[in-house]
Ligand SMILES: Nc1ncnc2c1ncn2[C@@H]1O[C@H](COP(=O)(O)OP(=O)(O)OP(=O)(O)O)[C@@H](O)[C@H]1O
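This document opens with one chain alone, in structure tokens, the form predicted alone.
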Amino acid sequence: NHPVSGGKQTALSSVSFFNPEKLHSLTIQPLYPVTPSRPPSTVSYVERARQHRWRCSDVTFHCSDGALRQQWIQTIREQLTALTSRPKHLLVYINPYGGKQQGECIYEQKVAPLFACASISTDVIVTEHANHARDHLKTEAELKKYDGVVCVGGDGMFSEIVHGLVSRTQRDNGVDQNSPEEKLVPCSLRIGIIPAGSTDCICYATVGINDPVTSALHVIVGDSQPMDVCSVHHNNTFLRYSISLLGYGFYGDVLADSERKRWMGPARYDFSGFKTFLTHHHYEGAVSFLPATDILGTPRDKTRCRAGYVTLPNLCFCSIPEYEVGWGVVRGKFLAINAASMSCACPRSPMGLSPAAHLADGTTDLILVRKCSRFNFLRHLLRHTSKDDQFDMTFVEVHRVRRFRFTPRHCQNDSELDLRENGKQLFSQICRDHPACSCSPAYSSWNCDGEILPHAAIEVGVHCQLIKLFARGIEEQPLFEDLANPPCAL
């Protein structure tokens, strides 16, 4: 029964409110009064914009009854206290060297003000060298103080955070990471990623866009998106965790070549990609895999992983014995062997390597590209940039799996697979099997989320929902795309 008048106000306040029914964030706090008896207040909220962006907007209102106005504010504060999903204290790592080296600027100008408005306190660490964040999380960080960990950087920085948190969690729970059969303990802290890298694949797969403000708002409202993580082993020795892509052959060769050309900057990826395409190396080996036969959906069903997608916990990987489900084996010559645990979408490949891959179903999509002509391989690569079926080619096959192993053909024993020491030993083997000087080398390298693995023979297992992100998956938004001015429901 009290009049409320609206008017735009640019100032943000320091108390936040989240309405689960309308998926909006509200903030309210008294501003300087227009008159002593009728001070205005500001409500700030999250609204959806185009292309999966979220933005923070606000509106000023007046209430003629001061007691009623205080009652509104008190009620909102009580609701805030009851929202346990929203973080209050975060540990933030900033990579000042990733992407265009804008990490610190992005955080200070776009993210920190939003965290302050939402009354989120932060402890910020600017990393000084590679694996700084990983090592700090594994040994020094007092994790019990925080509600989550946020990284400002690219996919490499995110991988550091995952390795630090997962390793710390397994150590604290007495889990042996060197055993491929171990069931890993899920991490209790959620991870936020503020994109400041070159590709930001993780943001594209979990939010739909690499926008720092959008990612910060997902952290503020306390979203939670579980994600699978793959563990990679060699000879019962843990190597790395993979979150997005494991690639042998083409993508491994591109990374290995680009590492030798860091002086070129980001252009090295394009140069190395073109060079690797022209060399057209293929590699012989055997891929054995445990198919995911107990789930709905296939890599070719065109069912996208979107917000609200439900994964049944009992269908997740839990060290399924080999005798329960038959393993498949594929032998041959391959141009590429890829395992995608998510779509791997990015600006250059909006659909990704496996458009129907899911984030939290306990599986990875194993993509085998057999030896073919350069023209056909180019057709395959171009499919990543279109909406056509990625796998509708005779030389490409894809399997949704829970585990897989790869053994190169020239592997006589596991001790030969240390790629850092293959040198002359491998050269003699190559010359015996391939007399031509221009033939393919015996081994490629595994590209594990942008890092080169030291072994070619590996075993990979998927651990269902091992981590959680401050995200909710990509939202379907045909309604919002069609509206020039999306509604701001309060």
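Being a predicted model, the structure only gives us computed values, none of them experimental. Residue indices: 1-based, along the sequence shown.
Below, we turn to the form predicted together with the named molecule, even though it does not appear here.
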Suppose contact means a heavy atom within 4.5 Å; in the predicted complex, does that hold for all of Leu278, Asn376 and Val396 with the named molecule? no
How about Tyr269 - does it come within 4.5 Å of the named molecule in the predicted complex, if we only consider non-hydrogen atoms? yes
Just checking whether Met157 would be counted as a contact of the named molecule in the predicted complex - the rule being heavy atoms within 4.5 angstroms. yes
Partner contact for Asn95 in the predicted complex: the named molecule, 4.5 angstroms, heavy atom: yes
Does Glu140 make contact with the named molecule in the predicted complex, using a 4.5 Å heavy atom cut-off? no
Could you tell me which of 183-191, 128-136, 229-237, 213-221 sits within 4.5 Å of the named molecule in the predicted complex, going by non-hydrogen atoms? 128-136
Interface check vs the named molecule in the predicted complex: of Gly197, Gly249, Gly362, Pro87, the one with a heavy atom inside 4.5 Å is Gly197
Among Pro408, Gly99, Gly297, Gly332, just one has a heavy atom within 4.5 Å of the named molecule in the predicted complex, namely Gly99
